[in-house]
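Encoded as structure tokens, the following chain is the form predicted on its own, with no partner shown.
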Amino acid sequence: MATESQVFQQIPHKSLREVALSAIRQAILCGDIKPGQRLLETEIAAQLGVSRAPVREALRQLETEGLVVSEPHRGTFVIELSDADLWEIYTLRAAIESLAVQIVTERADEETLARLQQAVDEMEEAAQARDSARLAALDMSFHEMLCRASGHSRLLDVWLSMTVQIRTFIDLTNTLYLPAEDVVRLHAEVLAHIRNGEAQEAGAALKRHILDVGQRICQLWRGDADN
């Protein structure tokens, strides 16, 4: 890991594992640490002003999230995500979210519908304000809300296990994957199907949206890799 500039700032003595985890994850997502780069516990600990133990624990957690990989006798490295990784993530995401929204459509109550509507309204506000970072965060929140509302605990576990890698692809392409108005329109369409009790239509619409986003991110990803 490059030492020319200070990547990590020292932290107070509290929740050291969580702070180390957040700092390393953010450095990866922001591109301060590059794919394939080796992560040295001693160097990170020195920059954060902590012992190696919380850094080691943080790296183990990041490995479960799919952001780093540990190789015997070589060390720990930032994961190098590929087109195949993106295809697997987005096809799996399309399948499980399609199921989630169908379940939600069949059991949605007024409280769930109100929360989803609020999410879409906030997305529209972010789109009008041209706040792409907030819009992307609200987008992910909407999808998580659907998975939680399904009441399918194993489905939610699988979805949550992919979220860090999904955000990694989005952050590393460093752009909004669809025009802001289209993002709002597509989520409003899914919500309309849910309100109308159209489970199959809701599932199909969400699946198309996710696969389209995956294809667009893949194109941006390939473009960045070629540069």
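Given the structure is predicted, the values throughout are model-derived calculations rather than measurements. Numbers for residues come from their place in the sequence shown, where the first is 1.
Heads up, the form predicted together with another copy of the chain isn't pictured, but that's what we're talking about next.
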**Report entry** Partner contact for M162 in the model of the complex: another copy of the chain, 4.5 angstroms, heavy atom
**Finding:** yes
Query - another copy of the chain contact at R107 in the model of the complex, heavy atom, 4.5 Å - result: yes
Query - Contact flag, V158 vs another copy of the chain in the model of the complex, heavy atom cut 4.5 Å - result: yes
Query raised in the report: Is there a non-hydrogen atom of R148 within 4.5 angstroms of a non-hydrogen atom of another copy of the chain in the model of the complex?
Result: no
Query - Interface segment, criterion being heavy atoms within 4.5 Å of another copy of the chain in the model of the complex, picked from 91-99, 136-144, 121-129, 108-116 - result: 91-99
Query raised in the report: in the model of the complex, which of the listed residues (Q26, N196, T64, S51) lies with a heavy atom within 4.5 Å of another copy of the chain?
Result: T64
Report task. Taking only heavy atoms into account, state which residues of 108-143 are within 4.5 Å of another copy of the chain in the model of the complex, ordered by sequence. Result -> none
Report summary line: Under comparison with the form shown, the C-alpha atoms of D157 and R25 in the model of the complex shift by 3 angstroms or more, placing them closer
